[in-house]
Each structure stands twice: as C-alpha cells, then as structure tokens.
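This document opens with one chain alone, in structure tokens, the form predicted on its own.
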C-alpha cells in the first residue's frame, strides 16, 4: 500500500518545532512528500481543492520526527530479539524517523563489509536507520577498529556499547581519531571494577531485596575520566545514559569550563526509580511479594534514587544534558524469565518513550519545547548531518503527531517490537503517538 499522498494537509494541530521556534496552532501543507507551508490560512475547508487529503489533528501535538541516538536492533546475530525491520516498525510507532543502531551484534561492525551489509539490510527499514561502528576490534577493548575505513563505510560514530573501554590509553587514541573523522566516541559509562557485578542501584532497596548493588561512583568516575581525556585531546565525546546526580554535576562543571561535548539520558532514568524493581510501578510495598524482583526493571546503568531522577530532569531543563535517547534493548522471554541475577539488563521502550516522557510535561517538570528539542533538534545536531529534527520547508516531510487525549495499555499484543521486556507491561499510558510520516510517507497511522 502506498501511503505517500500527493497533497496532504495536517489541519489544526499545535505545532512545536524548537529549531524554527514555532509554538502555535497551524496547518501543515505537504505536497509531493515535502512540507510547503506551515500556516493558519485554511480556516475554510471549502476553499481547499479536492485533490488534498485533509487529516484533522486538532488537539494534537505536531512535531519533527524524533531522532534516537541509542537503539539496539540486535541485527545481525540476535534477530529473534529484534531485527532492522521490526525495530524500524517499533520506532515508527514511537514517533521516531531516525534511529542509530548500537554495535553489540554478531559479527561486530568493526570492518567496512559488516557496515555495508547493515546498509543493505536497512533498505527494508521503513525509517532512516544508521549504524555505529565499534571503537575496538571485536569490542574486546584491546586494539582500535579501522576508524577511517568505518567512517567511509558510513558509520555515525564509534562505541563498544555495553563493554566499557577501560584502557585509558586506547580511549585517548580513539578520541584523537575522532578529531579527523569528525565522529563522536561513546564509551559505556560504567567502571566495571567498581561495579563489581552489581545488578541494581546500591542502597536500601538492594539491601531489602538482598541484591548486590552498583555504586553511583562506577558511573561518574568513568565519565570524569573520559571528560578529562576529551579535554586533553580535543576529541569528540558523547556521554551515554547518564543516571546519577554526581554525573550531572561533573558534566555541568566541564561545560562551564568551556569543554564542548554532548550527553544523553534515557526515558526510564527520567521517569523510574530503583523502587520499580519491587514490581509495583515504583511503589515501596509493605511486604515483598511474587511481583518483587521484576527483571524487566533490570537495566545498565541501573534505575537510581529519587534524588538522581530530580537531578536528571534538572539537567534537561538547564541544557546540561543535551538529548534523550531510548537505549531500546529488546530481549527474549528466556533472558528475563529467570532470577534477577541471571537476567539480561535492558528495557524495551522505543514505542512507549514519548508517552512516558509526556507525563513530565503534564506535571510541569519539563516544558514541551525542551522535550521535543531533546528528542529531535539536539540529536540531529550531534549526528552532524543535514538536520533531521525540524519541519523544514521544501524538504521531505518527517514529522510525528502525538495525541495527549488518547490512552493505551502496554501489552505484548500492541507492541510491534519482537520483544516486550518492559516494566510498563499492563500499565495505562496517557497520550499516544498516532501518526508518523517519513520522507512524505505515512509509516505509522492510528488516526
């Protein structure tokens, strides 16, 4: 079915485009797949010619297509959890029109042929899908991947993903290469020695559950090391999935000193605390029950304290943290239906992200403009390509429509991902992505 209309009008929505500083009720005209006008001129539908398809979006939010810098597609090697096509379907349902795939695959994208194979497969993607290459060969942390070769093949940055690059000298060398390639280095922000096999945040919840805790210092000390190396080399660094108050403080100090770099936080670290491990949607129960030890709430870095969550929200509001990235991590049932210690870390959330985060807007903790910036304008700038995160006139239409008045219950049946490992299963979310358009084509439609 061809969902690319010759002439389309999105009528009466609240348009939020921070890049162009648009915050108003407008009509958007799309002709031949390109946005040709953003205005409120079409008050009388009878004056619109019959060859236009009109979509009424009154009461809804129209924004640029969302951009995710941190997505796990599991392809190649682990396609039973997710693949490029299913991941793109899930992303489109979540309002994303650009996603960046992390390199924890088999084989690892540490050579041009593997990257080219990714691009061949991504022709089946219904949205823009871009790959990260690995920092080191095999993601083993021993020697650098051929970064120039990977750059030419089309990677958008370098990461060993969940395998921390502990060797400071190799990290320094990678940052030096980033100057020539112009691509960011993303190092997993956990010191594995300090982490010491911890499975959740260190503190009262871990103690009550009898689980080994991960100290916040395992994150912020690694972040501080990488910031120092970036300052020394002038390299390009992007700090992933910030989760602690102290990390926010270090980033603020570094940026205040004039160091230029970027960072991200996930939807779950902005909206969930360590209490979600109890399996009671963040409630601290009087007694432990069969719901406790919710493996779907196990993630790296772990869900943290209320103080950490408040600091992360403040970091977004003050521009200390640049972007929100999903860290979408689909896992099979066998990865999660086991003991908490044995369970694989990761939350499936690309379809629920905006609905989760919009609760912060409703509670007046984050403005809509800040939220949309962190999910569109800012990540597109970090990619350093033609900016995707805006409703550019005379460019292919890439936009997302969110209905704050539509509620939905998260369950396996209404998720398009192959996996459903989310602590939100069975929960009611208020607000839903109802339309996603990529390059003028409707790729997700619930209107």
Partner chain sequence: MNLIDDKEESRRGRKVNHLLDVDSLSLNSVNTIINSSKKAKSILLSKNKTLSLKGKTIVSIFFENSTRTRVSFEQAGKILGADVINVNVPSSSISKGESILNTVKTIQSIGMDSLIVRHNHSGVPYFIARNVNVPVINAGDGMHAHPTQSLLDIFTIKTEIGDIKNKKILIIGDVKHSRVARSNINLLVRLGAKITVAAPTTLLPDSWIGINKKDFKIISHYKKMESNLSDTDLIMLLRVQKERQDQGSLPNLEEYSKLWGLTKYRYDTLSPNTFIMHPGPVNEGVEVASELLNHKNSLIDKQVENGVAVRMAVLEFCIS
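Remember, predicted model here, so these are calculated numbers, not experimental data. Positions refer to the first chain, counted from 1.
Keep in mind that the form predicted together with its partner chain is not shown, yet the notes after this line are about it.
- Only one segment in the set 152-160, 72-80, 340-348, 252-260 has residues whose heavy atoms sit within 4.5 Å of its partner chain in the predicted complex; it is 340-348.
- Of the candidates 98, 218, 125, 202, 202 is the one whose heavy atoms come within 4.5 Å of its partner chain in the predicted complex; the others do not.
- Only one of the listed residues (291, 306, 362, 116) places a non-hydrogen atom within 4.5 angstroms of its partner chain in the predicted complex, and that residue is 291.
- Among residues of the shown chain, residue 284 is not one whose heavy atoms approach its partner chain to within 4.5 Å in the predicted complex.
- Taking non-hydrogen atoms only, residue 207 approaches its partner chain to within 4.5 angstroms in the predicted complex.
- A residue is said to contact a partner when one of its heavy atoms sits within 4.5 Å of a partner heavy atom; residue 212 meets this definition for its partner chain in the predicted complex.
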